[in-house]
Structures are given as C-alpha cells and as structure tokens.
Ligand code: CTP
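Only one chain comes next, encoded as structure tokens, the form predicted on its own.
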Amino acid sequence: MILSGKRILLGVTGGIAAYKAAYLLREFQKAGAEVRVTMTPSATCFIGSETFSSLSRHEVAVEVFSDEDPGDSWTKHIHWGEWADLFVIAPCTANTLAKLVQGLSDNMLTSTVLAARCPVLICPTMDGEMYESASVSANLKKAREMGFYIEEPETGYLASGLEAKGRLPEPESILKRSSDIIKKHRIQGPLTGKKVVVTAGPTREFIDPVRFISNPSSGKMGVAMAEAARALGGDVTLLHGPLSIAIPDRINSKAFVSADDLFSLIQKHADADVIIKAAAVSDFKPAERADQKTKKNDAELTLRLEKNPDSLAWLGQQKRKGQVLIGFAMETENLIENAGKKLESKNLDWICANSLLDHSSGFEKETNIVHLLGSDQSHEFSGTKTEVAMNILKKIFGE
C-alpha cells in the first residue's frame, strides 16, 4: 500500500456503523497516513466527536459555523478540501448520498466534498431494503457517473436483525481500495514511484534557552525543490528547519531545529531513492549549552565550538546503488572550484552551487542563479527559485 505520508479526510455520517469508523481511522494511522475527521451532526448521536479528536489528534469538523471558533470555522471546508489526498466517507448513509449527488452543502461534511480537490471514496452503509431501493440505486449510479468511487457494502447481519447487503466493509478492504485510488491519481512523471527526501531551511544551535547560532536561510529554495519533485511525480518528504514561508499542501513534512535533529531524521529516511540536501546547516555548535539565560553582566563570555555531524557526508558514505544524492553549496569565493571539491569529497551525484556575492541569488531572495555540477558536466539556471528548482530536476531526471 502507498498510504504512508498520505492525508486522509475521513467523513462519518449518521448510521449505526459510525462507531466502526474509529477502527478505520486507527488502521489508516497504522499504515502511516495522517487523518482528519469531519462528521455530520447526526453521526455524533452514534459516537462522540471527542473520540475522533483524541484518536486523530486533530479537531473534528461538524458545523460550518462554530461558536467556539467563529473566525476560522466557516472556511475550514475549503482548507481541508485542499489538504486531503483522499476523502473517504465511511459510513455513508442514504441521506448523505442523496445530498452528494445533488450538490447540497448543509453541513461541514457535504460542504467539504464540494470543495475537495482529491478523489472521494463513498462507502454506502444502510439496511438491506434501503440499499436495494430504486432511489439509492439511482443515486449510486449517478455518483459513479459524477466521478465518485463507490466501495460496495458487504452482506451479513445488520442492525435491524436482517441478513442482507448493507454492512460497512472491513477496514482492510477500505484501505486497499484507498491505496489503489491514490495510486491511480498520483502525478505521473520521471519521479513517479520514487521516494524523495528534501531538506530545507536553517538549523539553530542554542547557546542558552534564548540565544542560538543560525543563518538567514528562509527555506525557499528547499521548498521549491520539494514542490518540483512532487510535480514530477515523487513521493516527497520535506525535512525542514524554522521556515519563513508556509509548507505547501500535500507535502509530507517533519521539522528539525538543530543539526543533530536533522542528522537523526536523515538516518531514518536514508532509504529514499532521491535525497536533496538544500538545508543551510550550521557547521558548528556550542560545545556546552547553558541551562539558564546568560546575563550580559557576565562579561568576557568565551564561546567554545565543536563540529556538527555532517549528514551529507554520512549519506555519501552510505549511498546505495541507484540512489541519487543532490547537495547544495553556497560560497563567497571560488564557487565552481569549491563546489566541485564538495561534489567529490561527499560522494554526491550532483551539486547545486550559488554565490552569496550575486545580488540575484542567496538567502531570502525570490530568485536564484545556480550552477548544477555533475561528475562530467555543468549547467547554469537562473530565474525564480520555483523555475530553477524545476529546471534542475528536469535536467537530472528528464521529463
């Protein structure tokens, strides 16, 4: 299955099978997916929203307008519709099914379906006579024609006491169908089927609880590389330091603070097919970190430094056959010469070199000028960081 790192929006409607959605949520999580839950008001009569909130570790969206969060709640259906890789409605009652095919939006769940940019999987669940009724059959037919995916219910003992078709399928069946749908809809390109890890942003090496050594990196270039990799079909994980820009939707991300944190994450993701190290990592850290804020009247402070772990060199030493390592080098002198040395010493496949002395490139700029160096070739790209990132990856991997 390819659910690891995917974003699943789970819709729960007001049927007796609503309690089973809690088990489904856990199975999605065990498969590595992040899950958010939206419920119809009727669903809360069968299982409380607090259950899903505790399990998902996210708030549960029920009403479009909320007295508890009036400033943001009415746009949540838009943001969540953009966030998800797949919207799974399980169980889906006959009532909600009818609303979906008619485009009604009288609660958060139905409103989010209209706003969704991802595929929607409907798991119709109801009593057998209801499922076989002419109106439900017509609505299911129309739902398929509209592009909704339908997971047929199972036959068995129902809440009414009857044996008929209408039971919610087991979680394993729903997870397999979900994985198949995501696989079908993923972007096709030269990185399709490849795990891509991108690092971005600065590290912070704390001197005491309030002061740290860092650099002006915004993370823009690294984020642009992550977006370009996803646009070319890659299954992208972004490892990021403290960024000055937002993380794009639909990109799985994990945060780090220090170079040690980053090294730990890199070791966990070292099996990726492509690793792009665009983070601006501090070479040194304080040898000792004070537990309390250092007072300025403690004059003549001497700061002793030690080297940080070199995660890029470690990756070069561990590199397996077929894995592609791409590094970045920012220099203030002898750009090509220094970048070439780094390319060789760290056992990289490619290195992207840019100079701080160029007014169009460097920290926090919207544009960049990058010299892409390989073992026996070089190319130069300029433009916005988004354009440069895409051109780099197209040159390396083709289209």
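Residue numbers here begin at 1 and follow the sequence given. Predicted model only: the values in this text are computed from it and were never measured.
What follows is about the form predicted in complex with the named molecule, which we do not show.
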Position in contact with the named molecule when the complex is considered in the predicted complex, options D310, D249, D208, D261, heavy atoms within 4.5 Å: D310
Using a 4.5 Å heavy atom cut-off, which residue among L140, A329, A115, A94 comes into contact with the named molecule in the predicted complex? A329
According to a 4.5 angstroms non-hydrogen atom cut-off, is S282 in contact with the named molecule in the predicted complex? yes
So in the predicted complex, does H371 come within 4.5 Å of the named molecule, heavy atom to heavy atom? no
Examine K365 and determine whether its closest non-hydrogen atom to the named molecule in the predicted complex is within 4.5 angstroms. no
Would you check, heavy atoms only and a 4.5 Å threshold, whether K277 touches the named molecule in the predicted complex? yes
Considering the named molecule in the predicted complex, find the one stretch among 302-310, 98-106, 250-258, 223-231 with heavy atoms no farther than 4.5 Å from it. 302-310
When the named molecule is considered in the predicted complex, the residues of 346-375 having a heavy atom within 4.5 Å of it are K346
